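Two separate entries follow, structure 1 and structure 2, each one form of the same protein chain as structure tokens.
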Structure 1
Amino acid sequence: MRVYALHAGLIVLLFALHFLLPAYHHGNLARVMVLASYAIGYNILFGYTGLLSLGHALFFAAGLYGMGLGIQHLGLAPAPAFLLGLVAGAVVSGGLALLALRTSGVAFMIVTLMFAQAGYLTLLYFGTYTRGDEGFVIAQASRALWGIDLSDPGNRYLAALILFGTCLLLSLWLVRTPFGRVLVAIRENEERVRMLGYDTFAHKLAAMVISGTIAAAAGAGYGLLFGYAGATFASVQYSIFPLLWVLLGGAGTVLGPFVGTLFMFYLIDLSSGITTAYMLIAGVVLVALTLFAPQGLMGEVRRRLWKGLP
């Protein structure tokens, strides 16, 4: 019960902040919630299943472009376009999983990196439709969901909160199901899980599709709420970001992705006022985390304060 109270409490707190925050931070937090949803998806695969992907930008972009191209070229309404984004994410992550899960460890990392890079280059190659690096703006008129204008900051914040809340509770529920427990066991010792009679390949495949689809939901949501799709979101950098956020917040904790995204967002936000080389912060944090705090912030909380933190 404490567990559910904690996570529901965060959602209530974020709802209260909707009425309290000044415009600038209000807008930032909406963005953080969408990006944290992306991190939640990443965490399912990396934090709970123990598979380090360097290609999640491919799934985020599949959602973003599935939705965006659906609106732009197929003339879809936002809801079916969002669904198309989800389907694109599920198909792409399933396809990559079937290939990449034949490998493990370092090879898995490189394979995901390479296919994501191929996806990014493909977006550039078909620049006629995708507008390449420049990207395209999704018109305000086509971002009205059931008559609600998602470009309005208030609506946008609440929509981001619904997306984030859904992903958060979904991941909380998932990791406590028997299925989620098997994922954790695979992370700890895959061979032993197999010798307990579980089909580990099927579990990893499912984990990667769930993870990729959540990432795609975040991508599609990002495009709908902020009205822009560009190839940058498919670049290596956007595969590194969720890794960074999850590592910082605590891999294999339900709250970690949000905490990590929030910290990193404001760290980069503050530093970009000082220098254009804001990715320096990302690099330093990445090295420092691997060296000194591989558990991340919430991992430390779990270790020191609350062992049962999911």
Structure 2
Amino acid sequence: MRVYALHAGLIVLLFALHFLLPAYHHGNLARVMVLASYAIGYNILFGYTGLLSLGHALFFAAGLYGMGLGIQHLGLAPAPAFLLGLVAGAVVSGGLALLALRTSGVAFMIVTLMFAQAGYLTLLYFGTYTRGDEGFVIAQASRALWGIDLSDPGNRYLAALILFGTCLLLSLWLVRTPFGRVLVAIRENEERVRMLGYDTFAHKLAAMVISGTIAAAAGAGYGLLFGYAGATFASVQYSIFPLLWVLLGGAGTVLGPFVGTLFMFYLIDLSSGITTAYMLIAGVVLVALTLFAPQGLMGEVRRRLWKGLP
């Protein structure tokens, strides 16, 4: 009950901040919640299953473009367009998993990176429809869900909160099920799990599809709430970002992705207000965190204060 109270308390706190934050931080926190949903999806594969992927930008972009192209070229309403983004993410992650999971370790990382880069180049090649790096704006009139204008800052924040809360609670439930326990066991010792009779390939395949679908939901949500889709979101940096957020917050912790995303977002935001060399400041802070909190912020909380923190 303490665990569920903690995570529900975070959602309640974020809801209360909707009425308290000034406009600038209100908009920032909405963006952070959507990106944290992306990190939650990544954490299921990396933090809990132990598979280091450098191709998650492909899934994020699949959801983003599945939704965006559905509205832009097929004339879909936001709800079916969002579902199209989810389906695109599930199909792409499932297809990639069937190929990439034939490898392991560094080879898995390289294969996911190669496919993500191929996806990025594909978006550039079909620039007539995707508009490439320039991207395209999703009209405000096309972003009304059941009569609710998602371009309105208040509605956008609450929609981002619903997306984040759903991903957070789904992740919390998943890792506490027998399936989630098997994923952790695979991360710790896959060979022993296989000897116990579990189908490790099927579990890793399911984990990758779940992870990719959540990432696609974040991508579709991002395009729907902020009204933009561009090929930049499929580039390699957007595969590295969720890895960085998860490592900072604490890999293998449910709250780690949100804490890491929030920390990194405001670290860059505040540093850029001080100097144009803001990445130097960010780099120094990140090195210090790596040295003094090697398990991430929430990982250190679990190690030092609360052993049972999921």
Partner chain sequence: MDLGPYLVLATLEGAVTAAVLALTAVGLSLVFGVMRVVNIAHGEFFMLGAVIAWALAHGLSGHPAVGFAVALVVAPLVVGALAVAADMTILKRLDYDPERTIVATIGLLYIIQQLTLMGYGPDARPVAAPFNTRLAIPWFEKGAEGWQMIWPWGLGTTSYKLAVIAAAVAVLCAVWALMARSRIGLVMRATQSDREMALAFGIPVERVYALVFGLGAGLAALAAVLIVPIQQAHYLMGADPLLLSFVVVIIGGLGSLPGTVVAAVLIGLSDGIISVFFSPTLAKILATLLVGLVLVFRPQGLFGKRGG
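C-alpha atoms forming the largest set that superposes within 1.5 Å between two forms make up the rigid core. All residue numbers here follow the sequence of structure 1, with the first residue given the number 1. Shifts are known only where both forms have a C-alpha. Everything numeric here is computed off the predicted structure, so don't read it as measured data.
Note on provenance: structure 1 matches the form predicted together with its partner chain.
If you fit the rigid core between structure 1 and structure 2, you'll see the Cα of Y278 move by 2 angstroms or more.
Regions that shift between structure 1 and structure 2, defined as runs of three or more consecutive residues whose CA atoms all move by 2 angstroms or more after core superposition, reduce to a single one, 271-294.
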